[in-house]
Each structure stands twice: as structure tokens, then as C-alpha cells.
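Just one chain is shown here, as C-alpha cells, and it is the form predicted alone.
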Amino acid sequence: MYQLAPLIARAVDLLEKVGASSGGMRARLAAAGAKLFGGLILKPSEEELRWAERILRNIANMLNKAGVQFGVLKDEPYSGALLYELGFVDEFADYAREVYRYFKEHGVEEVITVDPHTHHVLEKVYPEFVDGFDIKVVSYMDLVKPTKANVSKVVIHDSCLYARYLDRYDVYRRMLDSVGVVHVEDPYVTGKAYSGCCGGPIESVKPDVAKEVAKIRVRQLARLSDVVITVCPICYVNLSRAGGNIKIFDLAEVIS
């Protein structure tokens, strides 16, 4: 998902510019144009590519420091999370079975995830669609032990999946606590039951709506701190598109 995030951001900007949210014929033409010319337009900048690489390298370094032995597949398959989340259930089922077959062919017994969408779909959804799914799924957050941070006071934008469905709401807070980072809390802004949405993943269907939701969320967060920590690449993309006088960082950018 981190490697895909820069492409998602570019794709959503393109869809928004050509009127994908309008519906009807205009939306179909926008989709066709994006498919035809996407390869020419959707080229991430070097800065965006370095952002994704920096996060993944930092996670790998923290895993190494914690003594975790792991490998990286040469051709790692995408989890298919957005197929499921956008309602393409039959397509997702076929895709999930192919991913599982690929894992088994390569001797994979355990997967370390680095984002909430991948973790949720592998741990909670694959077993419903893939007969005999037996791969252990663990988050990098449960394995690393950060020792320092490059920020001091932040507000956390929670991933709905981590906070409400994967029981990680307190995990990344404890990680920040362990390196002395103050996270400003407000039950109606950062509370587990009430924290707001970033606008995703509907940005691929209704980019204008996603941006307006993100703007509301940015205004809420900015009241608590001008440094926002995300724990999901989709959240990072959507909040970054919203603008505002805040600095947005992924968790794995600020701890090590």
C-alpha cells in the first residue's frame, strides 16, 4: 500500500480534474480516459517515491533491530483490499485465492503487514473466501521496539481499521509513549468511538466528496496540533490532499 499511495494520489487528482464524480456519461468518459492515459500521467515524483521507500526501510530497520528475521518476496502481490472494500466481492474472492496460491508456492508461512488495509483483509477477510487459509498475519507494530523519535508533540489521526476492527488503537499510542512523544487527545476528535474519517477509500469513486471529508478532518486535528501522525497510507494521501496548515507524517517516519 505504501508503494501504491503515490499512484493513488495522482490517480485521484486526475479523476477529480476530469469530472469522475459527476456520474453518468462524464464519469464513464473520465474512467476511460484515465485507463488510456493513466500510464503517461500517473508517474509519481521522486520525492513521493522516496517517501514510500523511506517508510518501508525504516520499518525493516526496526524489525532488524528487534531481532526479527524476515524476507521480502521479489514480486510481492497486492492484497486486493480495495476490491473488497469497494464491493467487488466476486473479483476479490478469485484474486484472494490466487494470492494465497502464490504465497504457498513460495513457502510463505507468516506475513508481516505494514498497513491496516492489508492486515485487515489478510487476517479477517481471506479466511472467509479462501478454503484452508493457514498463514499467520502479524503487524510490524507488534514486533518493533522504537528507541527514538524526531517529533515531540502530535495529534494522531486514527485508522478506522486499526482502531475499531484490529484492536490497535492503544498499540501505536504506547509506541509513541515509549519514545517520549506527547499525543494530544480529545474524546470527540481522537476518541476510539468518535474520531473522524479521512475520506478514503471512496476517493477513487467520489474524489470531491473524499476531499471535503478530509478537509473537515484536517480542521478538527489542527485544533489540537499542527503535527499530525497517520498510521495508514490511504489516510496520509487523503489528508495531504486536503491542504491546511498542518504537517502530516506517517508513524514510521517519526520513530526508529
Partner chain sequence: MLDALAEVDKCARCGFCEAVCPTYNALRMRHYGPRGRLRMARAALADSSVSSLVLESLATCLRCRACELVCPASIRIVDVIMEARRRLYEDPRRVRRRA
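Numbering follows the first chain given and starts at 1. What you are looking at is a predicted structure, and each value in this text was computed from that prediction instead of being measured.
The same protein also has a form predicted in complex with the partner chain, omitted here; what follows describes it.
- When the partner chain is considered in the predicted bound form, only one residue from 56, 49, 68, 205 comes within 4.5 Å through any heavy atom, namely 205.
- In summary, among the residues 138, 182, 86, 171, the only one with a non-hydrogen atom within 4.5 Å of the partner chain in the predicted bound form is 86.
- Taking the partner from elsewhere, residue 160 is found to have a heavy atom lying within 4.5 Å of the partner chain in the predicted bound form.
- Remark: residue 216 counts among the residues lining the partner chain in the predicted bound form, judged by a heavy atom distance of 4.5 Å or less.
- Although the partner is absent from this view, residue 97 stays clear of the partner chain in the predicted bound form, with no non-hydrogen atom inside 4.5 angstroms.
- The partner chain is not shown here, but in the predicted bound form it comes within 4.5 Å of a heavy atom of residue 197.
- Stretch-level contact analysis of 149 to 157, 103 to 111, 171 to 179, 78 to 86 against the partner chain in the predicted bound form, using heavy atoms and a 4.5 Å limit, identifies 78 to 86.
- If you take 149 to 184 and check each residue for a heavy atom within 4.5 Å of the partner chain in the predicted bound form, you get 160, 164, 165, in sequence order.
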